[in-house]
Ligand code: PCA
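Just the one chain here, the form predicted on its own, laid out as structure tokens.
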């Protein structure tokens, strides 16, 4: 009788263990930025909170620094089911749809408050387009405002003629064309090598990326022109999301909401810190000449008009909502 009870107990334990293993979902999450970047740190906390809130039923393994997929490959990886969830810089896909690039139109939204308004105005349209490809947005976090890094002083846009200009989306490529620079596509994870080998010597990005890449080793000037605040989106496969049980879905959504709030706050707070680190490492940081700012603002107006031609009625609706 004891042997029979022991056998039944063992069988029950094995059954329970198997059910627990089967119930646990394990997701891979590729990102394009290093572990110490504030976006990645936020994602690591997000993943930990999802696992905790789901009672261990959903575990997300974060693959940072482009180690699983390069930054520009992540959207397709989630779309194709090679990863269940991932982080993308949405403006990097504006060649697929102009709506994706609204947050990188120069000088349209150049503060955190305006960036939030622009996201509120464009979120629904962005969600609808991603949904057509089997994805949904979990949360969005902006980079600090974009400025110009250069190996030589820049007083006017004429000083950018012939520069090897790093481009990471169609708008940055278009700016290069307008100022007579040579656009070169380089992802954030490859920037350090591109600078060291002379592939690029001038680029627009945030002080955060400049700090991550230790750009002071190659360039000495940063012009804090606050051109725009591009956003990273964390997107999830709709199929993978729908396959979760209700409690795991709720855990994911709640952790995403917390990550978005935390990410915006952190981006705002760290912006000044990043600028201070550039100065501490010997870089010259200023807001740029009045002439340079005026010339860049004119470029912004040109690109806004170009964008509206491409985005049509949907684009106009976004801008109208943003300006209300």
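Keep in mind that what you see is a predicted model, and the values were worked out from it rather than measured. Positions refer to the first chain, counted from 1.
One more form of this protein, predicted together with ligand PCA, exists but is not displayed; see below.
Undergrad: Between 205, 84, 201, 122, only one gets a heavy atom within 4.5 angstroms of ligand PCA in the predicted bound form; which residue is that?
TA: Looking at 205, 84, 201, 122 one by one, just 205 meets the 4.5 Å heavy-atom criterion.
Undergrad: Could you work out which of 237, 126, 209, 94 is the residue within 4.5 angstroms of ligand PCA in the predicted bound form, going by heavy atoms?
TA: Residue within 4.5 Å of the partner: 209.
Undergrad: Taking 4.5 angstroms as the cut-off for heavy atoms, does residue 101 touch ligand PCA in the predicted bound form?
TA: No, residue 101 is distant from the partner.
Undergrad: Any chance residue 168 has a heavy atom within 4.5 Å of ligand PCA in the predicted bound form?
TA: So residue 168 counts as contacting ligand PCA.
Undergrad: Report whether the minimum heavy atom distance between residue 139 and ligand PCA in the predicted bound form is within 4.5 Å.
TA: No, residue 139 sits far enough from ligand PCA in the predicted bound form that none of its heavy atoms falls within 4.5 Å.
Undergrad: Using heavy atoms and a 4.5 Å limit, would one call residue 223 a contact residue for ligand PCA in the predicted bound form?
TA: Judged by the heavy-atom cut-off of 4.5 Å, residue 223 is well away from ligand PCA in the predicted bound form.
Undergrad: 106, 157 and 296: each with a heavy atom within 4.5 Å of ligand PCA in the predicted bound form?
TA: Answer is no for this spot.
Undergrad: For the chain seen here without its partner, which of 245-253, 173-181, 140-148, 126-134 has a heavy atom within 4.5 Å of ligand PCA in the predicted bound form?
TA: Within 4.5 Å of the partner lies stretch 140-148.
Undergrad: Give, in sequence order, every residue of 185-200 that has a heavy atom within 4.5 Å of ligand PCA in the predicted bound form, or say none if there are no such residues.
TA: If the 4.5 Å heavy-atom criterion is applied to ligand PCA in the predicted bound form, 185-200 yields only 188.
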